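The chain below stands alone and is given as structure tokens, in the form predicted on its own.
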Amino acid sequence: MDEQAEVLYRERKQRILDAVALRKPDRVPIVSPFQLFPYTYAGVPFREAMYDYAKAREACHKFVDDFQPDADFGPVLAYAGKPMDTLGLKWFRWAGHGLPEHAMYQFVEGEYMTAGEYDEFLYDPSHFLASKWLPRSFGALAAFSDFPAMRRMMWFGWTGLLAGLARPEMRQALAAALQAGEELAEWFASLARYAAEIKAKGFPQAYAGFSWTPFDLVGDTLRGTRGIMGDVIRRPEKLLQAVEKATPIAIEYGLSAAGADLPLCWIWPHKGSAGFLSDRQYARFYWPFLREVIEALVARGVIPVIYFEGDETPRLKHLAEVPPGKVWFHFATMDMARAKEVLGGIACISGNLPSHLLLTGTPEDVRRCCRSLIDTCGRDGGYIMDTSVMVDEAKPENVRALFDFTREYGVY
């Protein structure tokens, strides 16, 4: 990294850290997960970005060079297509697999743990995931349904385990897993290369880790929305036990960000927004476990970025319970003046610039909205400019207006 790039890197990193710590940076930072947009902007079909990692890096470099964000996600949001092909992933549709070549991938929810399997999950989560979730999620791993429990390896239990691995169908599944592992290693190497390349230009990486809320680990991964919402009423004690079991797993995921230059751990809550749970249910099933994750990550020097994509207005009183100056809350739908009133002096906030405005509005519309957000939320620090949700479709001139206006107007 040359001297000028090193100065820029330190400035951008400090700008974000100051905003999170509720100090006044030199100006309002700009950090946003631009998802499909960098590839549209560069003229790279999204399917190509998911399979040709060099093309994905090239497109993301163009975005960074042209717009100069304070931190960048890069190609991590263009998931690796090769291992998903190899494994026969069932809960996703992506470009070329049920979707057009330039469409953003879609999550296809399913029930991967039945209501009658709570006890099995609670007894041994790892074995449940290996013998139930894996074969139900990946067509190439169907043979894992007979995978023996690792807890039974003691003494001569290892003989049964190894004999089971030798079955022809298990060999085939293990071969697919090995191939997918090699393909994932290729993708991870590409991500690491990109992070090093943008650091050499003076840009921090916008993430150091990802995690989930414990309730959503159970709901998104295992039960599905319909299943877990029914469980809130029909089997609340079993659900609470499962969410409690998922909490240290969520913490473990997030701790991968510890020690990073910019230790941001992004958490996308899904089923806790208004319309899913009443405030009484939220206070029982959702918030205590998410708060435990937040507090555990903060204690290890990680900055949790809680990326709310729904209406969190009824939850503000709960969000004010986090350690002051250590957490970043992103809001998609929110009365931002109210959020600043409640969370000012407690947490950094971001978001609420309507993503659709970048597609349907004019540069003046974008500038007007940015001005309002900076005036409302940016006073005294503690605000990061961001869109309401991750950006897929947008007019380049509107994205340019977002960046240029914030840099010019958002100066302290």
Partner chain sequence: MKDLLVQAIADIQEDEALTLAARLLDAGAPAKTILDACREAMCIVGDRYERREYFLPELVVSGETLKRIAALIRPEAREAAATEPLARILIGTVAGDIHDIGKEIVAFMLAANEFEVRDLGVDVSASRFVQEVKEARPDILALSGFLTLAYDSMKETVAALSTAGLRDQVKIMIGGAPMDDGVRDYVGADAYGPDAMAAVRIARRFAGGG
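Here the structure is a predicted model, which is why all the values come from computation and not from measurement. Positions refer to the first chain, counted from 1.
Another form, the form predicted in complex with its partner chain, is not on view; read the next lines as being about it.
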{"item": "Its partner chain in the predicted complex: contacting segment from 257 to 265, 106 to 114, 152 to 160, 74 to 82, heavy atom within 4.5 Å", "value": "106 to 114"}
{"item": "Contact of residue 332 with its partner chain in the predicted complex (heavy atom, 4.5 Å)", "value": "no"}
{"item": "4.5 Å heavy atom contact, residue 248 and its partner chain in the predicted complex", "value": "no"}
{"item": "Distance check, residue 281 to its partner chain in the predicted complex, heavy atom within 4.5 Å", "value": "yes"}
{"item": "Touches its partner chain in the predicted complex: residue 178 (any heavy atom, 4.5 Å)", "value": "no"}
{"item": "Contacting member of 210, 144, 133, 276, with respect to its partner chain in the predicted complex [4.5 Å, heavy atom]", "value": "276"}
{"item": "In the predicted complex, the residue from 226, 90, 291, 300 that sits within 4.5 Å of its partner chain by heavy atoms", "value": "226"}
{"item": "Residues within 4.5 Å of its partner chain in the predicted complex, restricted to 223 to 246 and counted by heavy atom", "value": "225, 226, 229, 230, 232, 233, 234"}
